[in-house]
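Same chain, two forms, each on its own as structure tokens: structure 1, then structure 2.
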Structure 1
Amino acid sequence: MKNNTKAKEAFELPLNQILDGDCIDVMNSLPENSVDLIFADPPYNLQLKGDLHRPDNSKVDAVDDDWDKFSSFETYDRFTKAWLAAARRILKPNGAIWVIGSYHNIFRVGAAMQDAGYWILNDVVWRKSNPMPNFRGKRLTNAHETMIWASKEESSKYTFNYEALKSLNEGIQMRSDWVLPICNGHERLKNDEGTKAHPTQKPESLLHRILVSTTNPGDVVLDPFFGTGTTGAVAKKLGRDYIGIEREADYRKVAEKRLKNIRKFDNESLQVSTSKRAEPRVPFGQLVERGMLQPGEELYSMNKRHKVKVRADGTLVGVDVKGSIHQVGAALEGAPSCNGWTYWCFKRDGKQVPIDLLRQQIRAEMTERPN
């Protein structure tokens, strides 16, 4: 019994922690099929040649750290395949991954993802509303980065909160080009010397959109290139558990300080819009069983053209027509189909009340948490 307890403890996920070490080694030490979502911001392998200067000859603080340097494309590809394989092993069967990159690396990463067995769902263009200009004037301004969203495999039932994204976009279906500003101003973290703590810190708005759309409260989100902790900060606010992996001590120090001051939003605020299909199914007959509508009670079409009676088995009967709320509505309108929930109403105190209000009342009871 004692040994079983130790084995169980050994496989518990290190939730809401920043793990020190190489991301491949650390991911390979985690339990298989244990993570809901991975957000990965790997080295871009920018291949910079010399310093970059502005027109006034001031030096641009570009990405020239050792962690972004690889001796060849072959070396970078081996690294990419290794971390993608480690990431796929720890993803749950219905898990998914987001990988962000630039033109320097994202096409190589995308091919490696398909070779590894991931199923690409979308490529999303993050169009920066305030990009850094091209100082040399020899190429187009790099105003976007590309993100690849993929499920673990083709058959995965991945999370996609479609209605929540639509709500974020003022009721319009979210497109695959996202216009968001780069990280700057008060959001840009500084180190003890007062300079940028990380050269490629991602804005919280980007992670907010990703986590709201493709995770749910309580999900486990892993970031194998944690940096200064943007993924963890947004996950913590949104009630998701995070696991960060970061080998650079300076970045871990900044991230730990940042996360210490983050507070989770209240549970009610974390709820998002859901699809009607995701809501609990309520048969019309249940309204009759519960006495919310009585056998013999009359229903009226919202356009006031038709009237029917409710029967004890939850069907409706009218002149030369009988059947479900949907069948009767379609027959009376001469239409191929009809949503009976929005078509019929009943009268209370002389006012028309949609029967859908009764359905919503039952649904609310079904989702209420016990005290």
Structure 2
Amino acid sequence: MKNNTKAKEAFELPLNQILDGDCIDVMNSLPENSVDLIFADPPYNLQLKGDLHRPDNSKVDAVDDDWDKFSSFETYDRFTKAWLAAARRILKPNGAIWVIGSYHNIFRVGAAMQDAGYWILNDVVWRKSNPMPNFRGKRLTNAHETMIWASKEESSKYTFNYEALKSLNEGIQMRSDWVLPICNGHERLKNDEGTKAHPTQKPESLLHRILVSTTNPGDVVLDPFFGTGTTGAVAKKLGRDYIGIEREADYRKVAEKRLKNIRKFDNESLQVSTSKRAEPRVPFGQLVERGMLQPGEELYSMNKRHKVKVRADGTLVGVDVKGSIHQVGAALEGAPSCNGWTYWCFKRDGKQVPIDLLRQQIRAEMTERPN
């Protein structure tokens, strides 16, 4: 949504494409402040092999275990810092990032994110409903992966579709632990030999929840470790623009083919539940101006303990208090704040009616005739 036009004008973003190359180089070639969301599934560094990403190209001759271990972590950390910095540069000021990992790498990644200035919003556990068991019985079944959701900086006004997520969860606030199956069956992409095309293909359900919750239609979503393109596939279905970066030709090929066959859902289905916050603000004074409430008319608190009078300027006056509907409600309740819209009622035909009903009438009129 919103202010993505400026950057696009200055430098046409390569939308809905898969870019070939090292993700750090490619991200550095993109304009700063141009991307709404980044989803990153970086190498997990499972065995700390030297073949990962090695900026200095030096080959480590392991002589001593401790030293080798240290240098390997260091190499991984350098790589992590580099791609996180490149990613942060291209994020819009209100942009956000998701990174997924396992215990092998996620602690280093999370610390690097905090050090880079990202502001962690939640860590989210993907609890796999069908994980691989621990065959040797030497440890617990490794049944989850960890995702870190962070904004570009502490002050970022990040996107969070609270109501949509609540709807996805049958009316109960979504928690930080998500139960979803791993990617297998028909969804799991195979290569020409019939074996899996990518070792760690993520399920579309995971990306669905991420994109529905933290992006809006039309947003630009970038994935620096695109793989077989799950991020792009879900983004396309959901009417978001994607940018994929992948240096392995085999993966790009599989992803291209996959994306070609994806169709966007129709617009109506992409509408999600919104919160009251998103609705237009209606000043209380408007109810008086429009004659929906008369100056001098009495309002009653929900709990029937308090009575006040409406004044011509849309303020309320009671015993020893006057001010806005919110201020007077808070003062009478001795509360730090009060939502006057849901606190006050008026009388019609002998019945108590919440004033919020009048606001809803005005809002309904506004949507009938916008502007």
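Heads up, when I say rigid core I mean the largest set of C-alphas that superpose within 1.5 Å between the two forms. Note that the structure is a prediction, hence the values are computed from the model and not measured. For residue numbers, the reference is structure 1: its sequence is counted from 1.
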Of structures 1 and 2, the one that is the form predicted alone: 1
Cα displacement of V35 between structures 1 and 2 reaching 2 Å, rigid core superposed: no
D356: Cα shift of 2 Å or greater between structures 1 and 2 (core-aligned): yes
Threshold 2 Å Cα movement between structures 1 and 2 at D123, rigid core reference: no
